[in-house]
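Presented below, as structure tokens, is a lone chain in the form predicted alone.
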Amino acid sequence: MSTQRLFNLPERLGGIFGSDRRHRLAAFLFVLPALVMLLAITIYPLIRTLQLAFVSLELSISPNEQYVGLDNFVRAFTDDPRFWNSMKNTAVLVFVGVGIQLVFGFVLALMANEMGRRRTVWVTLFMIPIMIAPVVAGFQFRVIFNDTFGPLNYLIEWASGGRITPPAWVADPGTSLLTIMITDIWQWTPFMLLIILAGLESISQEIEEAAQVDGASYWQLLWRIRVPLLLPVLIIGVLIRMMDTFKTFDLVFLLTGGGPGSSSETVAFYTYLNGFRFFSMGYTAVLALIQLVIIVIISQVFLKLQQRRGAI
């Protein structure tokens, strides 16, 4: 069909349908290819994942599926300590890591808000980590944390005069997860800074001036006016970062590979291992579904908080 005939489709349908129905049908036909593509890349994989969750499909042994019912779910929740270890590591990154990002972002936003026009360059410099791809950030910090020639251990030894022996950051089970958290905090704290600063700028100056006239101190102004008005922004920012951190894979893959052992495995990385190294497709589907359910629950909790505050 030529381009001219395609754009004349509503007129050509005029003899068959009424005006309203004609335009609705034409609109639907134009949207249909995108709709089909969306269904193909979202709905079908979800249905296939649900199907695989109830079968045993070990591609390293056989391509045949065997129905096992709820055995994969039982295995995940009762017979797989490695899964629970990955969930624990993910929870540390989500709650501790995002919490630190929130605190640092809030403090930096308050500092930037007090700078006036001078903050432009300062904020621009802080935005640099966000502009760097996570893969590049992972390689950067892999060099920084290297225990042999990394600059971090060199600085620790120099500052302590050789009295402190720096750890092997990515090779030590006690610090491997910390390296992932530090990298994530460095890269995404500017995101929290940006949205909190935008929230601060949206607060009416008249409200703050009225509070100052009534004798409110800086801390009273902060906790009684700014924080309550910023809560909707804070909730959305934390929700976005929690969902993103819950899916952390690239930093784990680049920095530690989940090791030593399984000390720094996240649930997303453990799912990858089961699917692309162990080729246990049924169990991988269960792990993916568990992550989906947890992310949906987290998002619903935060959205309910927003609704209760009348922000939505």
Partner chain sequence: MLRHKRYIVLAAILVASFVLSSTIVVAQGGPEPLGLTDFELCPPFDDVTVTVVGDAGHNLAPYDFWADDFAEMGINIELIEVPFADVYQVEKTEFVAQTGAFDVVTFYPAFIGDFASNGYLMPLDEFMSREPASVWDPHQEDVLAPFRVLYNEFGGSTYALTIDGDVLVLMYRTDLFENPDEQAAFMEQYGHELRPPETWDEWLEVGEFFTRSAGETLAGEVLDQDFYGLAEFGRRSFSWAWFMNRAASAGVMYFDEEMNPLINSPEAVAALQNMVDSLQYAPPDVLNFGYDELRDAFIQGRVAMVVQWTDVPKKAADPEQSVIVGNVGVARVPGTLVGDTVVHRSMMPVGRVVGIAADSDVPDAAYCVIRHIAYSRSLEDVSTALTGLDPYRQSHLDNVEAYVPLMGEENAQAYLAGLEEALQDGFPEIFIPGAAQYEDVLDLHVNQALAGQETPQEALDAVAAEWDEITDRLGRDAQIEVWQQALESYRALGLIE
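Residue numbers count along the first chain shown, from 1. Remember, it's a predicted structure, so these values are computed and weren't measured experimentally.
Although not depicted, the form predicted together with its partner chain is the subject of the following passage.
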Fill in the blank from the handout: Among 36 to 44, 23 to 31, 57 to 65, 239 to 247, the stretch whose residues bring a heavy atom within 4.5 Å of its partner chain in the model of the complex is 57 to 65
Handout entry: Listed residue (P173, P134, P232, P129) with a non-hydrogen atom within 4.5 angstroms of its partner chain in the model of the complex
Key = P173
Practice task
Using the partner position in the model of the complex, report whether R119 sits within 4.5 Å of its partner chain, counting heavy atoms only.
Solution key: no
Practice task
Consider G261 of the chain shown here, and say whether it contacts its partner chain in the model of the complex, taking contact as heavy atoms within 4.5 Å.
Solution key: yes
Problem - is_contact(D79, its partner chain) in the model of the complex, heavy atom dist at most 4.5 Å - result: yes
Exercise for the section: Flag R142 as yes or no: does it have a non-hydrogen atom within 4.5 angstroms of any non-hydrogen atom of its partner chain in the model of the complex? Expected result: yes
Exercise for the section: For the heavy atom contacts within 4.5 Å of its partner chain in the model of the complex, list the residues of 265 to 295 involved, in sequence order. Expected result: E265, F269, Y272, L273, F276, R277, F278, F279, S280
